[in-house]
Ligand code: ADP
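First comes one chain, alone, set out as structure tokens in the form predicted alone.
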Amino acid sequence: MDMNSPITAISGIGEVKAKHFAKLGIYTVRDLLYHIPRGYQHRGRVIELDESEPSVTSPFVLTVCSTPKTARLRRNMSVTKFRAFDDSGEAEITFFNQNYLERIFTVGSAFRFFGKAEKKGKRYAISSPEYEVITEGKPLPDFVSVYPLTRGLNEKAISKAAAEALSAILPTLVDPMPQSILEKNMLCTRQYALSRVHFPTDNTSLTAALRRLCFDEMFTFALALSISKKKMTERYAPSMSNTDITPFLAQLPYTLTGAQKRCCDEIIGDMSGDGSMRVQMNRILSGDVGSGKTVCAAAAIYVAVKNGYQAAMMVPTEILARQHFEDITGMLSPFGVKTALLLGSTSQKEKRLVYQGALDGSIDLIIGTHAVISDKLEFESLALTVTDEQHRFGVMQRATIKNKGIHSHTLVMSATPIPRTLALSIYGDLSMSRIDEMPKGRQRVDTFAVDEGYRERINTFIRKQVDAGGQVYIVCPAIEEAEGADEGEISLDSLDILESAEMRSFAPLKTATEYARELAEKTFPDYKIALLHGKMKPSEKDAVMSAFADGDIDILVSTTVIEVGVNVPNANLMIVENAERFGLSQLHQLRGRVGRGQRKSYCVLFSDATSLTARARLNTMTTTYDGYEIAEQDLLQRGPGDFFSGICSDQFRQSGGFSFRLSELCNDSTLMERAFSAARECVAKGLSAELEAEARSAFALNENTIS
């Protein structure tokens, strides 16, 4: 057996069980060993029955003192009961629909139970606990892993399979990481990490294992970037010699900020050159919401068309595509630039006309959604591709549009302000332009952090804004109620190297579905209220956003799907529920949805969190309005995880199935810097075949997906 062996190489896993594992994305032994537990139950801290608290899941060592008896309650429902005791008392233990347990719980046998004990008269009651038999000479583990599951697989099945795989793999597993890097960064071996992440012996061993696996994720990502960057320097793209944008700037109804001018110069400098070909531009344009990235992209398109080439722009939603089409057409049509809009909803007749215009060169610019990567769309001379909200697209999608031209120049735009230190690491293969100055006249959105005691006052304020003609966003952290971590479970985000070291208790989640119903039926029955969330079909989301933009909706209850949304100048109030659940950068993005028109705008952050960390973060939002300063604070307070989840994960999500699950939670920015530094060091000295193969495999890197 090796890491690439099919899951069926493990004894006890046949074709039927393999199909259950496949539902979790587990096809090989490697997939299984990297199926990281979602949390851990600490069952080593055994307490007596009389020390238990009714609402707390705890471990107890009890001896069975009565024969289990099963009774049928109704059709397809049975209950098995027996009694067990310790020195402090006796408990009645109940299981449902598990008749076979009569043969397991024999009188006099001892078990470790993990459940909630509630006092019922003289006895305690424990319902459906986890259990492990106590055998002399075989100590039970203090920590028990809790895995993401699917129907047909339980914790014990995955744990047993992982144990067998580790037993077979570890003796011959080679750690490709150079010993010098392990020592320099105080990392454990991969063998130790994989063993302890599934079967930790204590907090120290678990933390060491997770730290190594976090490092590996970021290190592999950095290697992929380095390979990509190396290939980029070997590519050439059309050179633009006619780069005077003075006529373009002269017809704009406003003057560019200094930051916009600087970014235009950097972009056009990449595209221009002396020969007929030059090194391909691969640049990211980062700027706050409303900072004016679109006009910089339009200037680049102007230069490409002026030099006789075509351009294409891809955006994530139809409504945003229409907005860009309207804005950019207004800027470029005075110069005879022919622009077309290509959407999934575009009729077949219109699509054929667009395809023909792109192929014969009569259309200079195509703006659209994923429709622009259709195989049917071919260009005569594509030399510039622009991707807006770049993290919403997978690498394969961006590569597909780029490859419609011959090594076309690439400009990607992000509305997430990125700290420079993080950008240098994450976007090591891209040149970076930052618009760090807001246009004049852009109003500040007054921001307030309040608790539930202000609910009625805020509802009155909502009514006042709507009655005055304004519109309101209300953002909830979840679509609908879902089960969280089990009681008594140590989740990954409670470990030192991850999201937060302090164990926090959050207020119950406000869910978008339920809250929208409550507002429509009880609080604001006289207003037009709509719901928007990520599980809706694209056409449904576009329809809701279009109605909101047209003023047909007063209050839009949404999840964070509105981070990428249409410009609604009339919306002037943003309310974020359970604000402690969001990162600072995400809150700043949401705040940027309002304050785009003439109305005075506000942002209200609801939170009942009492921890000093949460209050400090919300205070930052009420006193700081610069996106880059907020991003720096987010990096300091939460680490790079917020950016990995918002930016990095989607970059390669469609190629190779690589997951940034641990890196998304990591709050140790120095670990990230160490990983990227180590990757650069390896590339400089020459990558080993094993490391390069691992990076290419993880991100499915080939000539079509490079950068």
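Numbering starts at 1 and follows the sequence shown. Quick caveat, the model's predicted, so the values are computed rather than measured.
Absent from the display: the form predicted in complex with the ligand. The rest refers to it.
Of the candidate stretches 87 to 95, 458 to 466, 287 to 295, 345 to 353, only 287 to 295 contains residues with a heavy atom within 4.5 Å of the ligand in the model of the complex. Contact annotation for G269: none of its heavy atoms lies within 4.5 Å of the ligand in the model of the complex. A residue is said to contact a partner when one of its heavy atoms sits within 4.5 Å of a partner heavy atom; G597 fails this definition for the ligand in the model of the complex, lying far away. Using a 4.5 angstroms threshold between heavy atoms, G551 stays clear of the ligand in the model of the complex. Contact check for Q260: a non-hydrogen atom falls within 4.5 Å of the ligand in the model of the complex. Contact with the ligand in the model of the complex, defined as a heavy atom within 4.5 Å, holds for exactly one of G361, P148, G308, P439, namely P439. Between the options Y192, Y254, Y236, Y527, the residue in contact with the ligand in the model of the complex by a heavy atom within 4.5 angstroms is Y254.
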